[in-house]
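Shown below, as structure tokens, is a lone chain in the form predicted on its own; questions about how it binds or moves come after it.
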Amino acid sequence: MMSVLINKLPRNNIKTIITRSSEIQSCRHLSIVPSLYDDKDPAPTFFSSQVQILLKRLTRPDLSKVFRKRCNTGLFVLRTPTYKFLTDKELEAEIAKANEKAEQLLQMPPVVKMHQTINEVLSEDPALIGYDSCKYLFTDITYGVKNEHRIIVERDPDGVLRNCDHDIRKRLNQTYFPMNGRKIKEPIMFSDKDRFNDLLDNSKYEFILDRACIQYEPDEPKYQSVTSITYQHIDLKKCYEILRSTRHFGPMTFYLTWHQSMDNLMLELLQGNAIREAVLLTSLRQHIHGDVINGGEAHNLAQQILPTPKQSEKPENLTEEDIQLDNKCVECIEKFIVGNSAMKSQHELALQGFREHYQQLIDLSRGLRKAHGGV
């Protein structure tokens, strides 16, 4: 049986809340203009298997960063370490558990289209006009019903019964079924422009994004505005390493690629000698926009790169297979720069630097093999 709880709220209170929300939205204009997913739905592309594989690989998981110490209420929570003597088989099982836990911690927040305003009138009863000056809210509080499917309706003083809009639904769901960490009143770090700017200037990007995931739903305009501004701030300062190996790096990479702003990230990969990841980024753009001049070649190379282990910054030894694959990657990026890059001179200079660095590694690896009697 469905349980229903009725709230009787003063009409002025509802009006005050809605007005204040719009005031906050208008006063938080920064120099960075947020770009929202309000036109085409990005979800089918984001959740496609190939895009997910590319984003996870570009995240470059590092277990030492995934399992680092986290700060709780300003104090580091230290746990007493446990030491065990393990056999090789038991050690492999523990490593598999750690990798599984790391994959859970790196689960990316969903990227979806911004929700539309709910304005569905269920019925009209003119006999109720003048009965009361307040708006009545009816909430289904049946246990086990998902919040997005919960029936929440409002009866206006003019007798109109309608489905509640998203902001009222969220507030009532949080009232009767509170989510841990989420506040009914918007945290001041998001509502105050100066405090939000201070967090951005201090590079507290992961803190901002973690808090936004708790406070908002992925399809809320406020969530998409906060994440958009944060991603663009990271892109301007080129602080990608702060989010790398976190659950937010994939959505940021997707956002930059979706909005045709991936050139700085491409430059960072080339300057960091991550030529294979640069090809994966090219393949990601082809999956999203299909405008890469050598998109088919990038797809084929990506399939060859994904089974290989992550490329370290300074590999101790290069096999001939590695050299052939990396040379193909260089040729692929050369074509991308000519046909699609918006920063041709910077990308060409970075690619030239990679070539010179890589040639030294090739000479060193071949010299070592020759010294040890290899071919």
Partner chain sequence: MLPPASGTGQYFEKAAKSIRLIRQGCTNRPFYHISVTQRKRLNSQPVIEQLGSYDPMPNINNEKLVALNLERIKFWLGKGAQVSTPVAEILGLAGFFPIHPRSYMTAWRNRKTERENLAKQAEEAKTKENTD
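Residue numbers count along the first chain shown, from 1. Computed from a predicted model, the values in this text were never measured in an experiment.
The same protein also has a form predicted together with the partner chain, omitted here; what follows describes it.
*Asks:* State the residue from R247, R169, R276, R155 whose non-hydrogen atoms include one within 4.5 Å of the partner chain in the predicted bound form.
*Replies:* When the partner chain is considered in the predicted bound form, the option within 4.5 Å is R155.
*Asks:* Find the only residue in T142, Q116, N202, T87 having a heavy atom within 4.5 Å of the partner chain in the predicted bound form.
*Replies:* That would be T142.
*Asks:* When the partner chain is placed as it is in the predicted bound form, which of 213-221, 127-135, 253-261, 226-234 ends up with heavy atoms within 4.5 Å of it?
*Replies:* In short, 127-135.
*Asks:* Report yes if any heavy atom of F207 sits within 4.5 Å of a heavy atom of the partner chain in the predicted bound form; otherwise report no.
*Replies:* F207 lies outside the contact set for the partner chain.
*Asks:* Test of understanding: in the predicted bound form, would L161 fall inside 4.5 Å of the partner chain by heavy atoms?
*Replies:* L161 belongs to the contact set for the partner chain.
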